[in-house]
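Next up: a single chain in structure tokens, the form predicted on its own.
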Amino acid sequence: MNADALVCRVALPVPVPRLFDYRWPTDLPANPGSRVLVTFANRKLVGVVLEFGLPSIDIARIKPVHQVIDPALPVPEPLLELARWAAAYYCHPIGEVAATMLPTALRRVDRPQPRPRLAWNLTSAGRAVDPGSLTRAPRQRQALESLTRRPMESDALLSAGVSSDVLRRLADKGWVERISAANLSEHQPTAGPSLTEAQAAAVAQITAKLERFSPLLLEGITGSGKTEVYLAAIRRCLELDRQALVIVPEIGLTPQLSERFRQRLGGRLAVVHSGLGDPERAQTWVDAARGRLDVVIGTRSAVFTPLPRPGLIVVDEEHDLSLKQQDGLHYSARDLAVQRAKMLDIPVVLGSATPSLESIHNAETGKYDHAVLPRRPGAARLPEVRLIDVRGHLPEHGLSGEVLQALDQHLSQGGQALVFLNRRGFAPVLICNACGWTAECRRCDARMTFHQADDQLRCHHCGMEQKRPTLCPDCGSSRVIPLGVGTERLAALLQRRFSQVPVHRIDRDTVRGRTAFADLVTKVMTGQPCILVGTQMLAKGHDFPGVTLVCVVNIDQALFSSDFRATERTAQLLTQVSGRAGRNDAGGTVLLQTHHPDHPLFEQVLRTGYGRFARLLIRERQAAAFPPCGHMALLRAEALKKQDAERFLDAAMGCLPVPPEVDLYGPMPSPMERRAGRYRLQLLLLCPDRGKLQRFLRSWSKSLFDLKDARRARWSLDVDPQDSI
């Protein structure tokens, strides 16, 4: 191939499903995966070279590449292969897929570039300080105690709740010093508990197939020790000099998990999530690509971490909705992890106490191996679960007398309690007691939530905020009152009622900043009596050994949703929240307040357990040809004018003949028709055969880009949608 006439085909971050040709520099080798700076539509963009070829027109008419960025570090070919697969499967422009794979600092020339990962070490002066003397500086004491054991990387200290400000103050005193993480010697891993028979069998199942693709569903009840299985399998992986990737659904899970992994594995480990700065995330990507890391733990986007020595992928809490990207490229990190493991020919473990119906179905049909952890280790046992019938009662701000009595009992016995309410703010409704007016969002079909701490109304869908009105806008009455209970109001009530113990509120309003969640976990892990009040953030696999009582305040709101997945989600949530109790030998109790104690979901889940209930749901889905026994896609459109979204969807329905095996429903309004000032409509596609649906979607999606009405509306195609339809 003539180097003077070489053209590179570049994936650019633009919503166009094609590659773009640019003239390649004659003095550089042709490396697919190179990041390049090019001119596109009078602006500079960073793209990724996917392939090379000869020009089809005069080479002089083709724009040149302005710069090849870091030629020694191209995007690895396995990631390019994954990008091509994702673009085809999710029917998404390849350039936007390639951009999604890269940390922000690696796809922008005007952002901070990667910088070496740092660690902290005690100086001789710091070793002379008694941490116990720092009674008025608990964070500084915690930092010194942590560094006494060994030097630690910045993100490890962050995961333990030690902020960069604390470290800077200690450095100013001359007690700690920064060193390069590359200079850290690997510490000796600590031994873990003996594995149960079921855990050992699961580990053997995984490690027997470390050299080939093998998906395994690890189904273990809450507290059964799935993490110990991950650790043992990863340790074997590291002995073979292979890398492991661990994906978790929430940033809140990483502090506990990462520190546990560091102590037990002793190797080179890094954490990647949205709470880190752009340079830190980019450096983790670079270190992983160069083989400097043994284990990477991260949230959804970590599925794109380079692995030159791939050995094992683990997806923890594989059922969690957070693993599905809801905008841009609508990918599932779980499904991409399975596909990536297949491409790399390595095993992938999907772990959960409440597996998704898709994973259970794949295990039942033989596509996945299956391992079960049926009980908790040692003397720990599942908690006792009781339904509290609140019909005909008016609980004090949402809490029945039986719940308050149980809280008194468990706290007086030295236990901790978790009170679950999946509703943020002080009150979900602000209402006029004179005329019935309610505060509604001007931009969404939703009521605004009252937040008393800020004296504000806030829309949890579009983020709009406004001051609480002192008079009713409709009738002028001053009788404007908050109605209902949110976590803010509930926490205030409990703090007044149980003033002898701290009440920690854990939701998206309180857990802000890089160390906020770690700080709360540190307080809870002291084991002192306290009450945790929170939303779904508390139901995602956290291990709080001191919690002996879990109270679910309002589970009823999830029982009557129009979403066909609502029953599955509610059963998962109920099981996960209940599983936070009794994770030690002391046992535990779960109280569920409900106005519908006879609802069949309670009867089936509490009597038979989630596993059997999920398999009953699969039989129902099979009869309706719904996922996981059928396959689904959603075409969404939104516009400032409703008719523009309608016109686009009408045009989409007629641009290609729909094959008889594909059922198309709509156009119909989305569950929330107006959001952030835009009207939202959708088309639903169902097909019993995934391959046939995929073939139609690939042709159809290409036609959608050419529709004239596509310019009037924002649209997206969601393959395997997980949110409400």
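Just so you know, these numbers come straight off a predicted model, no measurement behind them. Note that residue numbering follows the sequence shown and begins at 1.
One more form of this protein exists, namely the form predicted in complex with a small molecule; it is left out here, but the text below deals with it.
> Using a 4.5 Å cut on heavy atoms, which of 138, 377, 291, 266 is close to the small molecule in the predicted bound form?
Residue within 4.5 Å of the partner: 377.
> Pick from 486, 588, 534, 223: which residue has any heavy atom within 4.5 angstroms of the small molecule in the predicted bound form?
The residue from 486, 588, 534, 223 that makes the contact is 223.
> According to a 4.5 angstroms non-hydrogen atom cut-off, is residue 473 in contact with the small molecule in the predicted bound form?
No, residue 473 stays farther than 4.5 Å from the small molecule in the predicted bound form.
> For residue 260, is any heavy atom within 4.5 Å of the small molecule in the predicted bound form, or not?
Answer yes; at least one heavy atom of residue 260 falls within 4.5 Å of the small molecule in the predicted bound form.
> Considering only heavy atoms, tell me if residue 193 and the small molecule come within 4.5 Å of each other in the predicted bound form.
Yes, residue 193 sits close enough to the small molecule in the predicted bound form that at least one of its heavy atoms falls within 4.5 Å.
> Classify residue 280 as contacting or not contacting the small molecule in the predicted bound form by the rule of any non-hydrogen atom within 4.5 angstroms, answering yes or no.
Outside the cut-off, so no.
> Specify the contacting stretch among 224-232, 491-499, 168-176, 291-299, defined as having any heavy atom within 4.5 Å of the small molecule in the predicted bound form.
Checking each option against the 4.5 Å cut-off leaves 224-232.
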